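To begin, one chain is listed below as structure tokens, in the form predicted alone.
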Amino acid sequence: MRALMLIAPLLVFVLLSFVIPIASMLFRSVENGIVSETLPLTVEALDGWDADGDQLPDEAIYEAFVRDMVVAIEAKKHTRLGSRLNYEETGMSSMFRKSGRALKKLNPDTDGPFKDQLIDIHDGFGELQTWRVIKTHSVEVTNGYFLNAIDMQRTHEGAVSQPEDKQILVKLFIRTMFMSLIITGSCILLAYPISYLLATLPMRVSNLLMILVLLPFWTSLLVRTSAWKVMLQQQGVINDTLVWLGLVSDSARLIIINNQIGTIIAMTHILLPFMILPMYSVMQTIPVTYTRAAKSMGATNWTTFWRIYFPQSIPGIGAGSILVFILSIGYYITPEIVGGTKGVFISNRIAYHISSSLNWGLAAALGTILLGVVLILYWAYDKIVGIDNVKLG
């Protein structure tokens, strides 16, 4: 009980500042109450309308819609409703916003019938698709955001694929996983010899190398990424050096910015310390007497490394790989700056929907899928390698 009391402040802080906000955000991926809350009479009236037919709703539905909209306009909720429906059908937001002033002047009790009046206010009210979208997305719990996240769409006919020019999110998921694996592999190849040197060199030299490894942590992430943007551009340091050495002609400078190559190079540099530190901490605990014993029994340097040293360093590789991979799939600052349109990750799309398009439901669905993929990969890693074999020293 005393131990629980000691950690209680931290638990409360984590619960209030981390768990509850994330759970609330993830709930937005299925929450869809705005249509039914803003248009309750319309939604009820639309239950009896056949969305698969070719007939517009009858006058009773138009009257219910006017009654709901008058209340919604008074409460200034009609623009939010239009924004929500616009995620599913382009032009809905503009229709609700432009027709708001005219609808506000209507009296539901005396100005009927309303069907022709609404069509005169905006042509969209005379289109079947408008009412199909309202009915389809009037449910309080929806799978629409998850369908959008995999390049599909919820319609009155069921789930259908998005138009080909809008199918980008699945490609971004695949690109994110593929590039994260490449970045993780690059970090392993670069970090292993550095970690080996840190663990085997004399303390004075290894301390100096450790300072160089930790030096990037003392520099802002934005500064490091911006520096790579300067270095990787066609008139940057790397291309100038290659031209000066005669390895590349001035007219054939490498294009290593605003693409996947730039993202991989920059992120490998940024995430490299996260791979080195777990490897080094594990390698430091490997007794040197093991390798000496192997050599004394006639083993070559390669056999000693491959049969004795490397298996004992695998827990460090596993810990570093998990850390780097999970960090890389969630990065968005570096891909945004150096990746251009071909090197961005799914996290950049999530950030866009949160800050620009304000489609938080789709952002939450994308985040939920990304979280699920990470957990599946974590489970697979545990089954194949065993999470108990992952060590940090």
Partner chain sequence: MKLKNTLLMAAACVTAAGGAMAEEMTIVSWGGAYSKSQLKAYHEPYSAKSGVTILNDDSSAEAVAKLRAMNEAGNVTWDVVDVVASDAIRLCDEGLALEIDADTQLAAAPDGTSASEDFGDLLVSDCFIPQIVYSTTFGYRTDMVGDTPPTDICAVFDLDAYPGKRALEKRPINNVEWALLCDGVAKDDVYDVLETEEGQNRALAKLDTIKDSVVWWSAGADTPQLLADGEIVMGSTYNGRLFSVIEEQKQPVAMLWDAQVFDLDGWIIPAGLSEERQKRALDYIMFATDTQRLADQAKYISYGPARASSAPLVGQHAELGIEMAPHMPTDPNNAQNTFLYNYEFWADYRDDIDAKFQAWLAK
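Numbering follows the first chain given and starts at 1. For clarity, a rigid core is taken as the largest C-alpha set superposing within 1.5 Å between two forms. All figures in this text were calculated on a predicted structure; none of them were measured in a lab.
From this point on, the text means the form predicted in complex with the partner chain, which you will not see here.
Among heavy atoms of Q234, some come within 4.5 Å of the partner chain in the predicted complex. Contact check for G91: a non-hydrogen atom falls within 4.5 Å of the partner chain in the predicted complex. Taking non-hydrogen atoms only, E37 approaches the partner chain to within 4.5 angstroms in the predicted complex. In the predicted complex, no heavy atom of Q55 sits within 4.5 Å of the partner chain. Considering the partner chain in the predicted complex, the lone stretch of 44 to 52, 320 to 328, 355 to 363, 64 to 72 in range is 355 to 363 [heavy atom distance within 4.5 Å]. Distance criterion of 4.5 Å from any heavy atom to the partner chain in the predicted complex singles out S83 from the list T225, S83, T155, S186. Taking the partner chain as positioned in the predicted complex, the residues of 157 to 177 that bring a heavy atom within 4.5 Å of it are, in sequence order, D165, K166, Q167, I168, K171, R175. Once both forms are fitted on their rigid core, the CA atom of V373 lies less than 2 Å apart between this form and the one not shown.
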